[in-house]
Ligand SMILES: Cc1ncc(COP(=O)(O)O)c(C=O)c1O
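The data below hold one chain only, encoded as structure tokens and taken in the form predicted alone.
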Amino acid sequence: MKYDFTSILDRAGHDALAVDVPASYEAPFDVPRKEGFDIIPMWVADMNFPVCPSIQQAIAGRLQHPAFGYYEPRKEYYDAIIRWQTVRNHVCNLQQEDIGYENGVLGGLLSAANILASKGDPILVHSPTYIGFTHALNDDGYEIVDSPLIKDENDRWTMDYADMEKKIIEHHIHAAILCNPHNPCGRAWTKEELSKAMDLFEKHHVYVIADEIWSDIMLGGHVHTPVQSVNDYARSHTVALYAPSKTFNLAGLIGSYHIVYDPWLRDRMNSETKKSHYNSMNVLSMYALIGAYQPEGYAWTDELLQVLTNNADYACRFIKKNFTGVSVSHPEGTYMLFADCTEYCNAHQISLDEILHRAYQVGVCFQDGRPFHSSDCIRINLALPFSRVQEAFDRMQKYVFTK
């Protein structure tokens, strides 16, 4: 490969939440680590690879000019987004006016919620639910109504359309969140699945907030279908949220964007995002996106997907072969693995807390799945060099999921 996905980065002391966990964080982060075990960060959703070189080059080039005053986003910023969406996601007729800046996807989600619902109103989400949705909606005064995903005969997570409609009717819901691809379950929703959901939403006049931050991370040849591309209703009744942060590991630089096609909805969204007077782009964040969405970024992303696909294949095979009682659905998108430990816990008469305790003792830092509305589950970040993934699962076999 041309790019470096094998070096083990020393992130300690370099502003990395994944390894420099604040003392204020509660269990299981406060479990003492046994001597001789370093931290393998597999919880927070960022990557442990060196950034794409064109990003650093773009930022470094801007740093050569010694002024950082007020500014407006460059045309190159919008052109880069349009080109990326057209090439990677096959988006048609995207214009600069359809794009709006957001400090973050969760902030954009709340701005969309504020124009589509009133505080205290119910909003439909799927469970397992991304923990960020839960915190954001609860903190801003919305009621979460969750529709559980179910597994089909092939052990794939699917939407329960009957339950979705039942909840929409019972709770008088007019706004729903679609995580596409789904975090933490890793489903890359097909056009047929999204069409069926949008038919349901159109029937009950439900607007959609689509979190598509993971849209670039498609594994094993799976293809991302933008929610807005499904049909005319989806195009005009959806606020879609994107960012380069998951793809290029830029969360610390801040910056995402929304795409809204309908003029009325776009005007309301732009008005809402401006009202805080905090939703403004950092000039270096702009150059980071421009650098990421260069030709080198396309090539780098293609190699990244090969690495992540290999990591996911290995992890799923390892779990099925060695961790009796732990079930997992192979992710089609994202670099997160969501594993169900229910049978293992029951068979060994232990709690999920004990599993987390064992893992953290030997430096394997994956994430408690209970805040994602799933008991006895764990979320595992696979965006590490393959050697680190191997080491992590070896430790799990020896010290965590012992027979």
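Quick caveat, the model's predicted, so the values are computed rather than measured. In case it trips you up, residue 1 is the first one in the sequence shown, and so on.
In what follows, reference is made to the form predicted in complex with the named molecule, a form of this protein that is not presented.
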*asked:* If we define contact as a non-hydrogen atom of the residue within 4.5 angstroms of the partner, is W214 a contact of the named molecule in the predicted bound form?
replied: yes
If you check in the predicted bound form, is Y130 within 4.5 Å of the named molecule, heavy atoms only?
yes
Original post:
Is G220 close to the named molecule in the predicted bound form, meaning a heavy atom pair under 4.5 Å apart or at it?
Top reply: no
Fill in: Exercise: K246 in contact with the named molecule in the predicted bound form, heavy atom 4.5 Å
yes
Here the chain appears without its partner; judged in the predicted bound form, the stretch of 313-321, 98-106, 156-164, 69-77 with heavy atoms within 4.5 Å of the named molecule is 98-106
Exercise for the section: May I ask whether A45, C179 and N183 all come within 4.5 angstroms of the named molecule in the predicted bound form, judged by heavy atoms? Expected result: yes
Contact with the named molecule in the predicted bound form, heavy atom within 4.5 Å, among T273, S285, S256, T225 goes to S256
Contact check, 61-77 vs the named molecule in the predicted bound form, heavy atom within 4.5 Å, ordered by sequence, gives none
